[in-house]
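Same chain, two forms, each on its own as structure tokens: structure 1, then structure 2.
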Structure 1
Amino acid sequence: MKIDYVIKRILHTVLIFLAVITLNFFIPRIGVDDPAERYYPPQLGSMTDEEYDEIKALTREQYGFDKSNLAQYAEYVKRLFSGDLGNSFQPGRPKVMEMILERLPWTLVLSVSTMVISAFFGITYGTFAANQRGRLADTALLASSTVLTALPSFIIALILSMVLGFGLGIFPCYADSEMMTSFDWSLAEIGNVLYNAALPIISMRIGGIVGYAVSTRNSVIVVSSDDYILTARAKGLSNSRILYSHTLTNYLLPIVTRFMMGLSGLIGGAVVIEKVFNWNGMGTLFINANLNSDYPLMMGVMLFLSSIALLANLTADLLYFVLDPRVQDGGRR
């Protein structure tokens, strides 16, 4: 791997990260005259306007809105590069990083399970469908892809909740609210987590499996028509050897891209599903922060998600170069 290629990709990622920090700070403030307005106490009948203005000024100072946006931005960046995401506006002013780390494992339960299951079954079935091109397995995959493309994940989640939850009662429709506070790594608790996570995982997995399967199918079909594959067949090599020794490394390139794109949405992609099933993960944390105008928490969650996306994209670029050395800067060959 050329060191200059790696350095360029890292510098490119750093520049984007700096832009993300800036946008992450200013976008929530667009169109908001007074971010502290939500936190003003009610004006009592005996209180004069001057006294109430003083109370509002103290409130703005308490929450850090008494300075200009540029001054706040400079302080935010300085604090950020010291590893401090700030304190939430919630009672007790808890640390934003502590709140994120508390919710992160519960989102990973859904997201990592979904990614692993989707990638394994999707790649397996997609390879099989490509080898059965035009037959039932291939036709069924394309038909299901057409249907599921038109169905958002939250619609699938609501259907499964109605049928498997409310209708048949096989799985709980809503996550156990006490599960996260009482978890102790016992077999019973692990089983309870899997039981409560079943419907969210299934809801996210259906579209993921089909997506991976279609991408794999198309990649295998394209690669299978290349000259070196035709030459391998002409030499009399077995189909399994052609698949694993020649086709695999080349059709994995777009799959790597899809996997890394999925990794970039590993946490944020579960926001709607978490809300449907009342799963207290990162998605629910961000929604509540947005509803409560909790700026430090909103910015902390968004920056965390953006960092994962940037790292995933950087990893995809470097993996592309490892899998195919012909890849040059900017994706040219």
Structure 2
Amino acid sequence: MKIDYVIKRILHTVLIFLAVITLNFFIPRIGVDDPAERYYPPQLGSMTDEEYDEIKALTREQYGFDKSNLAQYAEYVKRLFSGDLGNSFQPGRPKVMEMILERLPWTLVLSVSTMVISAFFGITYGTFAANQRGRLADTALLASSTVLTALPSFIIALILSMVLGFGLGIFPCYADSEMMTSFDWSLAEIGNVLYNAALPIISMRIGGIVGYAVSTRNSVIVVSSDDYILTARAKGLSNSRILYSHTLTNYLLPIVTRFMMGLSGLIGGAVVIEKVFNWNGMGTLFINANLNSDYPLMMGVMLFLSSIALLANLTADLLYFVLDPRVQDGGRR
């Protein structure tokens, strides 16, 4: 019974992954006669037509475009599973996988730290607000949540970089472009990264903290009105004991899901913020790929982001499974 659930979730994930792969395979083939059309790098001015045709032929051979559709698909899947996402159009034709892996840490710096920060402050404040129900801390949270959720993060980013960056000069308006090449794990460099990341992180997460805080507050309130909390009180347990071993264990469940979902959303959402601050992460990589119609790179990033989302979902499901004994027995709330 228990292991059934895990296997089912994993199979389900694999199934969806296959569907995502297939979509990725088809999208660049939409609306063109030559399936390889979108995989030909642009013709440079210095190239003669013959040279370009040669490059085309080479590309077709590399991706197996001369074979039947089915064989192309098989080839595509085979390459994927060996970690080969093709080559970008950029000068030198670098491998897409390597480009993604090179940018990934810089996006993760932003999204993971924002996520941890917002979850930590959000959950703490939300719990506090729930206990202060109806008082200033609580009403302020509810009021600010309406304002902040209605303000897209890139507008917050623009305003912050205008005020704190340009106006007061506390933080840089644009990320230091040298930073990424010169990074060497020295304390000074780490400090420099954090200094540059401050504004992006703040602007991405002001709304996020409030979001976490509100949902924490609401679930604490809902959980507190549950019967077993009354039982815990009728047992004369101390307030902190009730909070940590009875309320928390239950309200953390939905928040775990939110946290994992947040991860996949954030990496996608970082695209816009990266643009505001000229941050050289995956978002910028993707935007530039789009400007060049660099399909191998675009589809590679897409596939990568979808896989992260998929893994995050699976992790959330499995965490739920570990944390909630009811799921282990096949029932779900």
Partner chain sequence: MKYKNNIIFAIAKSLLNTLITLGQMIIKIWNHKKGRIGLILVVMISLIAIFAPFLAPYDPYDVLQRGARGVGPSTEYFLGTTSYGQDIFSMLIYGARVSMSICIITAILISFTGAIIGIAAGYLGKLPDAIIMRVVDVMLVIPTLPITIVLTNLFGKSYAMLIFIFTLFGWAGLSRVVRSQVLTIKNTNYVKSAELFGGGKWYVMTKHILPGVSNQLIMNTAMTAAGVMIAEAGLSFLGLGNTEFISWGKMLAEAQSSGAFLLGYWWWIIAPGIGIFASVSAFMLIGFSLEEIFNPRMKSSNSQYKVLKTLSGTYIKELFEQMEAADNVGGIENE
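Between two forms, the rigid core is the largest collection of C-alphas that superpose within 1.5 Å. Along the sequence of structure 1, residues get numbers from 1 upward. Model, not experiment: these values are computed from the prediction.
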Label of the structure corresponding to the form predicted on its own: 1
Per-residue C-alpha change between structure 1 and structure 2, Pro35, threshold 2 Å, rigid core fit: yes
Rigid core fit then Glu75 CA moved by 2 Å or more between structure 1 and structure 2: yes
Core superposition between structure 1 and structure 2, C-alpha change of Gly64 at least 2 Å: yes
Distance moved by the Ser46 C-alpha between structure 1 and structure 2 (core-aligned, Å): 15.4
